[in-house]
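Look below for two forms of one protein chain, each set out as structure tokens: first structure 1, then structure 2.
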Structure 1
Amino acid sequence: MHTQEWRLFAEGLMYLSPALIILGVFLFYPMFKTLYYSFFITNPRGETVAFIGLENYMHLIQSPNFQHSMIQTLKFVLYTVPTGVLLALFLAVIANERLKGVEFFRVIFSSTLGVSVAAGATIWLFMFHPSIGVFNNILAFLGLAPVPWLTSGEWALLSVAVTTVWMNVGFNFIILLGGLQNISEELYESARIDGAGYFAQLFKITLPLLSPTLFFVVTVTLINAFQSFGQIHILTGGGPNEATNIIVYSIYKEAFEFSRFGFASAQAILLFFIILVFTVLQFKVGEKKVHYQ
């Protein structure tokens, strides 16, 4: 390179270096370190004690606890993703109408974006309260038996899922509404001239043109579901009987309660690959499906 090019390179690097250092130290380096840990037994200070090769991974595959955790994670994903996306889609469609005061509803529907995991989960914890919670009060009012929302394995995962869906609505709604607003009004007008009704327009124009945005929302919701932690920590602590011990909670427990960094790291690597698959899928399919207008 010429001196001129070197000077440009040095200048460019000067602007980039703060960002590079932060991402390098707190994302790239730890990612490799996680992989490294996953081949070792460690002490609670994070120092490696013994190299054990793939034993952590073997243990992972064979451990009934971890298998259970994975099954619960997949169930949780199944409970939260379709409902979360469909609910947000429904809200986006009704809030996309040109009506007086619709902006008010849009703000309300976006509001959970401003609700933290901790605050949201705490409100739901109170609503799920066995004796003074609002849900059991309503059931009692209707003459029905109370439901053990957070204390029975059957219900707990569902309760955490409902809380999660509620917390995701704001984000999903904003993205989907934006996607809807990007669809040109002319398409609808010409469809109306051709005599297409509301549902014909919805299924022939809105949904096909919204598909890239919809796909984005599905992958983001999927990835978020795999990363859920705060609501579980507050609502159930992974219980009862490990029913809500989904993957990030399991990593947290192994690493910071039992100090098994190596075993926890093997789980973290698995989480990395799961999320990698969905992100790559999002990029690949997203690229193909984007409609350029």
Structure 2
Amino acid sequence: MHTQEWRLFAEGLMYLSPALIILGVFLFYPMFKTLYYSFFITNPRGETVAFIGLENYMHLIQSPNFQHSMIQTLKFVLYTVPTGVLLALFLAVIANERLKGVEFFRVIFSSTLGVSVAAGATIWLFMFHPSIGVFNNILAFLGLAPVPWLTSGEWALLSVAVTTVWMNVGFNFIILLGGLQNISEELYESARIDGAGYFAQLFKITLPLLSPTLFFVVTVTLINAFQSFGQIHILTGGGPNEATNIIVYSIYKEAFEFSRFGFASAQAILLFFIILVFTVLQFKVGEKKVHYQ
């Protein structure tokens, strides 16, 4: 590079340095430290004891517990991502209609954004309670048997997934509603003049022009689903019988309950690559169907 280009490069780095320092300290350093730990056996204080290379990874891939955790994680992602996005899209579409009092419903639909994970999980913990919970009281009123929402391996993952969808719907709703309100009203007026009905406008105008926002929401929701932790910790603690022990909770247990920081670090690195693969696939496959204006 010429002197002028070097000067501009140094000037750019100077402006970027605060962000680079923050990213380096809080993102890149922990990532490289986790990668480093994954090649070692550690003692209960988190100090490295012996270098074992890829042994943690080999043990992890062959571990039945890890395989079970991965299956439960994929089920959890399958339960939460399509449901959460479609529910938020439905709410955003009806909240985008010009109806009297629709502002009230916009506030209600987005209200979960203001609820912390701990508070939201505690609310649902009471709702799922076997004796005083609202769901079992409704079932009792209908003459049906109570359901062990959080204490049965058959229902626990589904119950946590419902809680997660409720927690995420506010954020997804606001993003999708913003995308809908950016679509020009002139397009709808032209379509109505040409005789297009409501569903023709929805599938020919709304969804194609909303596709960049939808793509963003799906990507973020997928990553959040893989990283869910707080609601699982509060509602089930990974149980019953490992039914909700998805991979992030498994990492927490290995590191802070069993003090196997090297093994937990290997799981964290594998989770990073799993999310990376899913994200790359989304960009390779999903982005082709996105219509940028």
Partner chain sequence: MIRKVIVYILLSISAFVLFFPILFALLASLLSTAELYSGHYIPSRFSLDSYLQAFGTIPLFKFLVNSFIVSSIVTLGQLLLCSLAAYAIVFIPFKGRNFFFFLFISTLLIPWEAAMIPNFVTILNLGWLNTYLALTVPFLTTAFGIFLLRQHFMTLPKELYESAQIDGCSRFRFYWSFALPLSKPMLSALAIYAFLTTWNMYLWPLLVTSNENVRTVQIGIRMMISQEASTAWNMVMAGVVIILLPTLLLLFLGIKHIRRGLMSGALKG
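Computed from a predicted model, the values in this text were never measured in an experiment. Every residue number counts along structure 1's sequence, beginning with 1. Only the largest set of C-alpha atoms that superpose within 1.5 Å between the two forms is called the rigid core.
Peer 1: Just one question: which structure is the form predicted in complex with its partner chain?
Peer 2: Pick structure 1; the other is not the form predicted in complex with its partner chain.
Peer 1: Of the two rigid parts between structure 1 and structure 2, do residue 278 and residue 184 both belong to the same one?
Peer 2: Different rigid bodies, so no.
Peer 1: What angle, to the whole degree, separates the smaller rigid part's two positions between structure 1 and structure 2 once the larger part is lined up on its C-alpha atoms?
Peer 2: Here the smaller part turns by 12 degrees.
Peer 1: Just grab the Cα shift of residue 17 between structure 1 and structure 2 for me, core aligned, in angstrom.
Peer 2: Between its two positions, the C-alpha of residue 17 lies 4.9 Å apart after core fitting.
Peer 1: Upon rigid core superposition, what is the positional shift of the Cα of residue 274 between structure 1 and structure 2, expressed in Å to one decimal?
Peer 2: C-alpha shift for residue 274: 2.3 Å.
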